[in-house]
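First comes one chain, alone, set out as structure tokens in the form predicted alone.
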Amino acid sequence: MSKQYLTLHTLSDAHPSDVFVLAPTSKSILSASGASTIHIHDTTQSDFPLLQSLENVHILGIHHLVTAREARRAASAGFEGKIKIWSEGEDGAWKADGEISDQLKPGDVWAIALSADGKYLAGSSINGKINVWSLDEESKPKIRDYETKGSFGMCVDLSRDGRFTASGHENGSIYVFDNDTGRLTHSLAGLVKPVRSVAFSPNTTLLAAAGDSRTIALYDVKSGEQIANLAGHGGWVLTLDWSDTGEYLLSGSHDGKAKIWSITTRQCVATHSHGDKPLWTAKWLPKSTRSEMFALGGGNNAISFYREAAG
């Protein structure tokens, strides 16, 4: 059974270059490109107006940006090697809230992820090492340091309860670590080619992983077994995001296509084109109405918003 989504609005030239990352909050969406500015748009109004711009965030540009689902906290990673933390005030304005000064150098941090409560941040690195920091302490200490086999850590995710960290690597490896014990839980096989996105389901029962194989693999987090393959993308899969209920998975590809997958049927139920350039980022917006909404960003410098058609 297919689902219909309507284009709500498109922010043309939202950034001067490719939109690499979108990071939603309950009422807004943060976005960044290879430039040094973070834009914040209001998602409660139909024209998605610009609320705030954070200038000169990372001098060499931003490559990753994440928000905490249940806290007013965000984190950004820049090409110069820094991770900066941001907090949203009661007035809705975002401001700098420190940085991780762990003697980081370019390449020490690539992908980043925040726990739902915003208390923990995980980061991957070019040498394959995966780190977890505690953000509630002023010094923001590193609390976990996971070794892998040395392949570039292209993506990372933290489960919403903060218990697990997952990482995907250039050599096709996928690892799941238990943050409580500090031990490797699973080394997952199946994709072989570079893994560009990993994402835990909301209840942490499933892990989705995808990349250059063009296939999305679903794993059982408890057993580590691969339970499904979702095939249909014509290009590298660059981004994955679960709906709040865990019923649907949103994916974006290098060929500019976004797909929505039913986890129950293991079938694609909707496909949307974001132009012919890479679709770097695809994110569900927190459900505030009866209709589901998602946003897409990519190589056409625009951000497009979609809403589920009323039944």
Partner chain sequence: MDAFPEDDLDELLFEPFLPSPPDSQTWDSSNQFANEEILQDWIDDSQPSATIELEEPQDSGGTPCAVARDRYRCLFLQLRSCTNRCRNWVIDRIESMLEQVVDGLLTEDEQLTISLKTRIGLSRRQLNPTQNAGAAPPPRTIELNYPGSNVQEARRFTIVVRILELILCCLIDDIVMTKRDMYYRHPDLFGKQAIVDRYVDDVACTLGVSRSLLNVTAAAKGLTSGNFVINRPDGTSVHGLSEPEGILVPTVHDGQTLDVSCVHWVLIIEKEATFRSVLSSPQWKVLGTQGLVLTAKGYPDLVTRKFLRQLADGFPHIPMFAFVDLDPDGIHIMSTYKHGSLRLAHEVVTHADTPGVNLPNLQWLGVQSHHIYQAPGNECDTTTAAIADAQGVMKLTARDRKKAHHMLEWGVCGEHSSEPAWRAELQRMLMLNIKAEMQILDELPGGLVSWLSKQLEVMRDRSADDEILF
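Residue numbers count along the first chain shown, from 1. Computed from a prediction, not measured in an experiment: that's the story for all the values here.
FYI, the form predicted together with its partner chain isn't displayed, but the following is about it.
- Although the partner is absent here, Ala113 is not a contact residue: none of its heavy atoms lies within 4.5 angstroms of its partner chain in the model of the complex.
- Although the partner is absent here, Asp241 sits far enough away that none of its heavy atoms falls within 4.5 Å of its partner chain in the model of the complex.
- Proximity of Pro286 to its partner chain in the model of the complex falls outside the 4.5 Å heavy atom cutoff.
- In the model of the complex, no heavy atom of Glu292 sits within 4.5 Å of its partner chain.
- Screening Tyr120, Phe152, Tyr146, Trp94 for any heavy atom within 4.5 Å of its partner chain in the model of the complex leaves a single hit, Phe152.
- Out of the listed residues Glu70, Asp276, Asp42, Glu247, Asp276 is the one that sits within 4.5 Å of its partner chain in the model of the complex by at least one heavy atom.
- Exactly one of the stretches 157-165, 127-135, 215-223, 102-110 approaches its partner chain in the model of the complex with heavy atoms within 4.5 Å, and it is 102-110.
- Residues Phe20, Phe79 and Asp255 are all found to lie within 4.5 Å of its partner chain in the model of the complex, as judged by heavy atom distances.
- Residues from 40-63 that approach its partner chain in the model of the complex with a non-hydrogen atom closer than or equal to 4.5 Å are Ile59, Leu60, Gly61, His63, in the order they occur in the chain.
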